[in-house]
Each structure stands twice: as structure tokens, then as C-alpha cells.
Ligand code: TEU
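Taking the form predicted alone, here's one chain by itself in C-alpha cells.
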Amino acid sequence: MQEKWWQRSVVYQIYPRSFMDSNGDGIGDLNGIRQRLPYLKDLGIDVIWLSPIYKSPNVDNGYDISDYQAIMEEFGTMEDFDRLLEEAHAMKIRIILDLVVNHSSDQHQWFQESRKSIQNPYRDYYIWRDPVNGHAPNNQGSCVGGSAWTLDETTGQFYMHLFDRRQPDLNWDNPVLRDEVYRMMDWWLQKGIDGFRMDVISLISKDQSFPDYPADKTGYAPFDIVANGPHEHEYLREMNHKVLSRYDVMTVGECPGVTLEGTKQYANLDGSELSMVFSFEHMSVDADPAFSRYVKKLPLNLVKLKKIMSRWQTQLDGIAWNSLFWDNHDQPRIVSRWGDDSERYHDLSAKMLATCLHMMQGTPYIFEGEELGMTNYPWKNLSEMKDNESLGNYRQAVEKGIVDEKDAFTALRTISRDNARTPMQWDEGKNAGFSSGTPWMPVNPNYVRYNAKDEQEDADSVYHYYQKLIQLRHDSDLIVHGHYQLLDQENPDLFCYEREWNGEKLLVICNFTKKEISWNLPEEFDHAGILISNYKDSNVEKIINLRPYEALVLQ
């Protein structure tokens, strides 16, 4: 099958609010991103994914959209966006936008009209239901805690919101609503954008009989229990037919609740739905299934992680396309999560984690600052934190007595989405060079040690290591397309795998611990060369003595 441009690409996610502030108001903006395009060009990335830049009251940092065809005032103007797109394209960097169409803001004109009366022409743009025995229509829970239903006094009906009550869910069973969404998508594509990352797209089709589902400890059904609904693939194929197939674009669907089998439909290589999906099975290996991920965290189980990632690598090969990520705006920093953010092992573990991921088959995603090894913030108390989802789940768990307050805060500090949202660390100057004003989120105090300026000047930095990994992918059919095989499956400390393509082979060996570990090299790699390593003096012997967090790629 012919290679698609996005199969060899590396994507860089920008969270605009935290990337670069050009006007000193403490909030990142479009002109700030434009100023930093040369940095991204130097890093070598191919695609920028912008988290939402649309007009929004910012209940959920832009994921509550009040106008899909206007720019958030804090971020700039449509003219600013047009200049950004033009300059990025001149540097051969593509831009994809966040498409948030499971829900809108309650300030969107559609919802303002919809709530006026049951007879309003926009009523059916959203999901409204009568009370059942004086209560919500079913036990569906929301992502931020509590019920996914809110009673609207104007008409005495409940509306559905899988997220905050100010983010009402759109009714995708309404063909008029779907056509509105497709027109909006087409408007952006005609502007010249290169595709979409689709927010929680696996949730758009609901079983509209709204049965009660099995509840968790909160008394509510998990928010993503409705995923992969009855018309999900029908609507995505319609979207593809009416809009996406008319452009040369990449699409990635954020798909909570997606299965491996489901992904073969969502991201099939015939191109009838999406280019790829974000699945989260590998992001749940340190979560206790009995608790919200924000209030109980388990140690990393490497054997479990290897089995999950290897299953996705082998079973999608030739059928669908993988996305590869450790970090994004919804996850804590990977160096603090599965690496070691102490100064001694910080750089080594950041490079090891990058090696493990970037040598796999799929499209890699780098979240802003990941290429510097940015770490979790040292939160001292709840008042410093802002994320409505993690705080909502924390408060619900504590109030219901599900978990002790002290233990819950310990987990929250390490897993909160706020960890990803602290400002980008550009240099060792005021506010890490992010803003001349007061940043909207606190700057991590370790910016003096980890920042873009210093790392660009240090040939041995995490930044330059990412640069090498990106270049290797650009240059290698083996890295892009090679078949995957896991080695030493039950080893609790090492992640080792092979890639093979047209008779060429790679061996990837990653030590996930601070221990020294001996490992027997497979015979066929006796005379292999080192493609990349995070230690300067790595060597190949029959028995390899791996040092703490050592990563070694042999070809």
C-alpha cells in the first residue's frame, strides 16, 4: 500500500495557553507560536497539532467552544492564525486543529437557542430528556464527577453532558447538526489546515434509550461507558465521505473506550474513517481500576505495559496505523511518571523513554516540553491547581469516603493534568522566557536546569536526542514500516524488541530501572552496529551490561 505522508511524520502538540506569550498578559497566543516556529523547524518535526484556539469561555481551557469559526480573543485574531498557517507552511510544517464536536459550550448560539423551548428549531441539536421518576434519565456519570445530566428549569427537561455541565453534548443522531459540523470542518480545510485531532470522537454516538449501566464506587456509570455507540462508524464514514476524502489530510481520533478490534475499523488503512486513533490502554497500567486515576496510582508494571504495547504493534500491522505517545495535555509528564526526574538520572531516563517509543511502528507525538524532559510541578496544595476534571474527581472521591484525603492528594500531585500545562521552559530568564507578565500557571522552578536555550547549546541534551530520533525516522523505511516482535516478554526491568523490514533488522533494548542489568544479545546481532544510544560509551558484547536507564538500538 502506498505510504501516506503522515506515516513518516512526527507531530508536535502545542497547548497554546502555555507555549509562548507574545504580549505580556501571561497567556500564550498565536503570535507567540509564530515566533517559535524556527525552534520547531530546528527540532525537525513535520506537523503541529494545536489544542483548541476557538472562541470559548474557558471552563475547560478551550474544550468548551462557543464559536467554531472564531479565534479566542486571548490567543489573537483570525489574521494572526492565517499568518501562522502561512509561515508554518513556508517552513514545510503542517498544522492540524483540535476538532471538539462531542459537545459545545453552553454559551454557543446553538445551545442558547436550544434551551429556550421544546419547540425551538435548535432543540434537537442537543440531547434532552424528561425526568424519570423525578430524577435524571439514567445513572450516567460525567468525566468531571457527578451526574452527566443537568435539569434545565426553563423547560423542566434534563440535558446530557459527559463533561462539565457547561459542556452540553451535541446530538449526532440529528442529520442537520451533522451537516453543520461538516460545513464547519470544510471551512477550515478550505483555509488550508492539514487535518484534525478529534476530541473524544468515540463518544459521539449514544444509545438513546439511555439504560442504566453498571456503576462504579461513585454510584455513577463511568463517562466513557457509552463509547463506540450504535452509529459511531456510520457517522465517521459519512464525515469521511462528505468532507475528509476531498482533502489530503491526517486525522487522529481521541478514542476513550476503544478496543484493539475497534481500532481496526476506526484507523483502517483503506482510509474510509480516520488515519489513526489515540487509545489509552497503555496509559492505564499505573491506574487502579477500582478508583479514578486521579485519586489512586499504582507503580508501573513493565510486563503489563510491554504486553499492551506489543499487542497493538503486532495486531495493527498492515491493517491499521498506530499513534505513539507518552505525553499530552491530559497526562502527567512521562519522566516523572515512568522515568526518574532526579538530576542524576533525568536525562538518561528521558532519552530511554523516547527511544522505546520512537523506534516503534506508528506516528510519534511529542507534547511541548517533552523534548526538553520537562517534569511534573512540585504542587504544595490544592489552591495552586486549576484542572476541573482532576479536581472534580478528587473532591468526589474524598466527599464519598472512597479514599483518604492525604492519599488522594499524593496521587493527584503526580497524575493531575495540570502537570502538563505549566508554561514552556524557553530559557533561564524571567518566567522561563514564557512571558514578561504573570503566567496563568506557575512555572516549574527547575526551568533553570531544563530549558530550550541551554539544551539547544548542549550537544548531549535531551533536545538533541529527540532531534536525532526524528531524523532517523525520516531516513529509515525500517523504522517507519518494520514488523515488530517483543523479546524477553516476562522480564520486569527491560523492554526489548526487534523491528524487521526487507531483510534489515533493528534491536531495541531499554532498561526501565536504575539497576545495572546483564542481558544476552541474540546471536544475529553479534556484529551489529549501534544506531543510537543514550550513553556515549555504549558497546556491543555477547552479554550486554546495561547501566541505569540505558537505551541501545542496534542495526
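All residue numbers are counted from 1 along the displayed sequence. Note that the coordinates shown come from a computational prediction; the quantities given were computed from them, not determined experimentally.
Unshown form predicted in complex with this ligand; subsequent notes refer to it.
Checked against this ligand in the predicted bound form, the candidates 330, 288, 238, 80 yield a single residue with a heavy atom inside 4.5 Å, and that residue is 330. Screening 274, 359, 160, 100 for any heavy atom within 4.5 Å of this ligand in the predicted bound form leaves a single hit, 100. For this ligand in the predicted bound form, the listed stretch (446 to 454, 288 to 296, 467 to 475, 226 to 234) containing residues with heavy atoms inside 4.5 Å is 288 to 296. Looking at this ligand in the predicted bound form, residues 304, 488 and 497 place no heavy atom within 4.5 Å of it. Using a 4.5 angstroms limit between non-hydrogen atoms, residue 280 touches this ligand in the predicted bound form. Contact check for residue 197: a non-hydrogen atom falls within 4.5 Å of this ligand in the predicted bound form.
Contact annotation for residue 60: at least one heavy atom lies within 4.5 Å of this ligand in the predicted bound form. In the predicted bound form, this ligand sits within 4.5 Å of a heavy atom belonging to residue 417. Shown here without this ligand, the chain has only 389 in 354 to 390 lying with a heavy atom within 4.5 Å of that partner in the predicted bound form.
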